[in-house]
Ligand SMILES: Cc1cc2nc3c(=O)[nH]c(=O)nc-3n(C[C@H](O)[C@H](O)[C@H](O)COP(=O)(O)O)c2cc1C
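Okay, here we've got a single chain as structure tokens, the form predicted on its own, with questions on binding and movement later.
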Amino acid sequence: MRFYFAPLEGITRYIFRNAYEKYYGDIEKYFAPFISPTDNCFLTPKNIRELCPEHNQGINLVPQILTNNSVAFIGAAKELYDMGYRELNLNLGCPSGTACAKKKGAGFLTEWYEMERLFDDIYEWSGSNNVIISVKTRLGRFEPDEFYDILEIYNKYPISELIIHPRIEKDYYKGKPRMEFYDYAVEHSINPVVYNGNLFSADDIEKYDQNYVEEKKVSDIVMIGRGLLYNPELIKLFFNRDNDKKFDYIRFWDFHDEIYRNYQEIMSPDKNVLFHMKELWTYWKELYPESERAVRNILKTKSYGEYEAALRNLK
């Protein structure tokens, strides 16, 4: 099996990516949290800082673009091309209300005519510039049956990889993925498909491996996001699932400390750094199921001193 790290807005930034690659690795591609270009501003200074090669050395990074506008997409793509990127990802899966209200992300999946116009333009540009474009998608916006027509559109274009999160926009991340529609994509997509969604344990990955890679001969690539935040050792656990190996807390704290230290170098005051660290702890709390009170205390901290004292009570 091979693994992509899914983008999570505000979380999987370059500081996190570098630390994860250093302490855990086994990631074939990291997908950067989306940029949202406009006609007047393709890449912001923040976008450039996050994506510049010197901040992503040794990492196979794919920038992700959230837009319904081919002028904005191609404008951003040209700037990313100048930075050295030859692979891009179009986000048609974001379920956030803000994005969908603007008919972006999963909110664009009902605009079939506009989708084709966007695809006509961006794939004409990519074909002329030797850039490949993958698509991360949901099944639809309101009903999963929308996916039958959406897949017909995708099949008209040279999508390098169709990364499918088999939920609709209004599902958000609730309920079980609608695997029958992923099965339909496996059978009917002319482009390579990659699965994304609810891979939280080594057993989940092994089940996918058996049901799709071995039996249906689907690509052995999966994209994981939340599962790698809940357990940074998830991939290593899958590869060593026959061994009764306990979670390496020493490695985890080295990983934590590197992220914490590097955020302190680029941010101030305390509350800005702690905002990002506490967001990670909403996932990392799963590593300490018997220490709920100690984790709650971490989430209440307002200064470096309070945070570090709360950590000592957990370690």
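Predicted, not measured: the structure shown is a model, and the values here were computed from it. In case it trips you up, residue 1 is the first one in the sequence shown, and so on.
One more form of this protein should be noted, the form predicted together with this ligand, which is absent from this view; the next part is about it.
- In the predicted bound form, none of the heavy atoms of Y85 sits within 4.5 Å of a heavy atom of this ligand.
- Although the partner is absent here, F200 is a contact residue: one of its heavy atoms lies within 4.5 angstroms of this ligand in the predicted bound form.
- Shown alone here, N56 lies farther than 4.5 Å from this ligand in the predicted bound form, counting heavy atoms only.
- In the predicted bound form, this ligand sits within 4.5 Å of a heavy atom belonging to Y173.
- Stretch 224 to 232 is the answer when you ask which of 152 to 160, 202 to 210, 224 to 232, 182 to 190 has residues with heavy atoms within 4.5 Å of this ligand in the predicted bound form.
- For the options W281, F34, F255, Y263, the one in contact with this ligand in the predicted bound form, meaning a heavy atom within 4.5 Å, is F34.
- A heavy atom within 4.5 Å of this ligand in the predicted bound form is found for one listed residue only; from L314, A309, M1, L8, this is L8.
- Of all the residues from 73 to 104, the single one having a non-hydrogen atom no more than 4.5 Å from this ligand in the predicted bound form is N91.
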